[in-house]
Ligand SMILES: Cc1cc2nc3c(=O)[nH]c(=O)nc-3n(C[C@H](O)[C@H](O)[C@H](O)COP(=O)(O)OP(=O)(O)OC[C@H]3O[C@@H](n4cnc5c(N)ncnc54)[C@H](O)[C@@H]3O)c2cc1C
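In the form predicted on its own, a lone chain appears below as structure tokens.
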């Protein structure tokens, strides 16, 4: 029996590791020339530095992330920061640090207000809080990548139940030490190779043939057609748009963009939070991250910004960075990245459409866009991969 995993993003890698550890033969088919999907790093020629596709923050309560990193021997790839979120209001110049201890009354109040947060939005649940603009709104937008007035509070509640509501250790932030690929992807590929899994890059699945009972019968690639044996299993672990082209009938799932700008600095700012990041209010930029002379600026729920020309985006975000950090002059180089399908648009209506993993007698879905109960994050992707593997193992009675 062979498990064919289509897609080598984090969901596919996570599923492959669990399936191989259980003794199943695994073949991973990836259309690109690299693994990791949207979780990847590269040397950007215009900057002459390593950058990530997008800055991903991990917190101590991300159990799926740390389980995965322990399996691949990659826990040293994360750098822990203090359990504190430095913030700056660009309008007033006011600075403060949000910590679980300082926010304890607000955190307790949020737990009470969100106890029935099923179909409502984050702002409907928490908008009366005095800390809403200063903390809950920017946190909600960063986590959900959806404006707080429509973001599903039920999903946000699950995130809080795993992190802030569990205290300081579960809220401690971590950032990739040397890039996403080195932390999450390269060690996973080494672990899979050591375990005997096969990885086929530049190997896009063009068509999936199903039999009368809905089971996958053939996988059609450019160089071959694989006819599945009776016990073979297929995991579709690709982005939603690709999955929809392979499996007609999947529900339409609207996306929400993220915009990142990377600026190479002539010198590091004289003042910068020790944790390596800073949250901003009152401007276009939302979060600043500093690593190896590159200032990375992230804007979530960036539907309007993503439609603007790259030079305009860069100018607006650089102006906010200059105001926040007292930078002088212009950056040495700039790179703007617009991820227009970065995540789902996490409204309650869209949440109700997210598909369950089972799609056929010998097929399962994996991906952060499936019905994980979590937003589209590293944690959600890795959890979906693990759950897909659990379903495979249940089917094979192992």
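Residue numbers count along the first chain shown, from 1. Bear in mind the structure is a predicted one, so any value in this text is a computation, not a measurement.
The discussion below concerns the form predicted in complex with this ligand, not included here.
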Of 25 to 33, 41 to 49, 326 to 334, 356 to 364, the segment with heavy atoms within 4.5 Å of this ligand in the predicted complex is residues 25 to 33
None of 125, 261, 152, 238 but one has a heavy atom within 4.5 Å of this ligand in the predicted complex; the exception is 238
Requested in this report: Decide whether residue 61 counts as a contact residue for this ligand in the predicted complex under a heavy atom distance cut-off of 4.5 Å.
Outcome: no
Using a 4.5 angstroms cut-off on non-hydrogen atoms, would residue 350 count as touching this ligand in the predicted complex? no
Can any non-hydrogen atom of residue 377 be found within 4.5 angstroms of this ligand in the predicted complex? yes
Report task. Please check if residue 392 has a heavy atom lying within 4.5 Å of any heavy atom of this ligand in the predicted complex. Result -> no
Are all three of 57, 205 and 242 close to this ligand in the predicted complex, meaning a heavy atom of each within 4.5 Å? yes
Across 1 to 19, the residues having a non-hydrogen atom within 4.5 Å of this ligand in the predicted complex turn out to be 6, 7, 8, 9, 10, 11, 12
